[in-house]
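Below sits a lone chain in structure tokens, taken as the form predicted alone.
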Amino acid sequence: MKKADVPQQSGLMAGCREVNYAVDDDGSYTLAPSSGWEAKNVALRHAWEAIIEQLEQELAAIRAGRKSPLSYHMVKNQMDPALLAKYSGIPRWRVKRHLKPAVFAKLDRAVLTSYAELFGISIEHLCRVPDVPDLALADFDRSESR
């Protein structure tokens, strides 16, 4: 692809730019910044819609008393128990136990701090969830079609 043809279709990259290889006027490969392209925007839109739908399911499970608030923050940060265990340094079996509301409610401050720091939120924020997912496509969408 020629450098002049590198797509510049803003979308769900939240204002970020990526670098692609392109061919310059001399026929050499060079780096060319791009603000996105349509196919990638469509794929990102589907991925974010799936994450928001999963967050809604987590909220329903939390309200029903089947899961702890940790599950919401884990999904919001696109993690599963294995990844959360790896990043937090807490064994996977314990992370899975912490997804149970009764166990989560008894966690000591050190464990809560570990999770909160990992997610970049306060302990108080970790222990509660919003009424609706606090993640919206509009937060990421920079396309002109909005």
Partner chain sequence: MNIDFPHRQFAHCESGVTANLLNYYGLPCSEALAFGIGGGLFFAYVPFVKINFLPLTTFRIGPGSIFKKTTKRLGVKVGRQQFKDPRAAEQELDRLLASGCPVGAQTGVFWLPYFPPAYRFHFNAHNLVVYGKEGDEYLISDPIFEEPVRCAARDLRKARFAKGALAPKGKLYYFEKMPERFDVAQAAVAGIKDACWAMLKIPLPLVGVHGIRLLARQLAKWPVKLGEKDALQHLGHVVRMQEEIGTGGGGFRLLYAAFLQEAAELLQNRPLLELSERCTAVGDRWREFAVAASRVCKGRQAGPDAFRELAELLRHCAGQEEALFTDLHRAVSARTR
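These numbers were taken from a predicted model, which means no experiment stands behind them. Residue numbers count along the first chain shown, from 1.
The next section is about a form of this same protein that is not shown, the form predicted together with its partner chain.
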{"property": "7, 19 and 78 all contacting its partner chain in the predicted bound form, non-hydrogen atom within 4.5 Å", "result": "yes"}
{"property": "Partner contact for residue 12 in the predicted bound form: its partner chain, 4.5 angstroms, heavy atom", "result": "yes"}
{"property": "4.5 Å heavy atom contact, residue 38 and its partner chain in the predicted bound form", "result": "yes"}
{"property": "Residue 137: touches its partner chain in the predicted bound form, heavy atom cutoff 4.5 angstroms", "result": "yes"}
{"property": "Interface membership of residue 44, its partner chain in the predicted bound form, 4.5 Å heavy atom rule", "result": "yes"}
{"property": "Partner contacts for 22-40, taking its partner chain in the predicted bound form and a 4.5 Å heavy atom cut-off", "result": "23, 27, 28, 29, 31, 37, 38, 39, 40"}
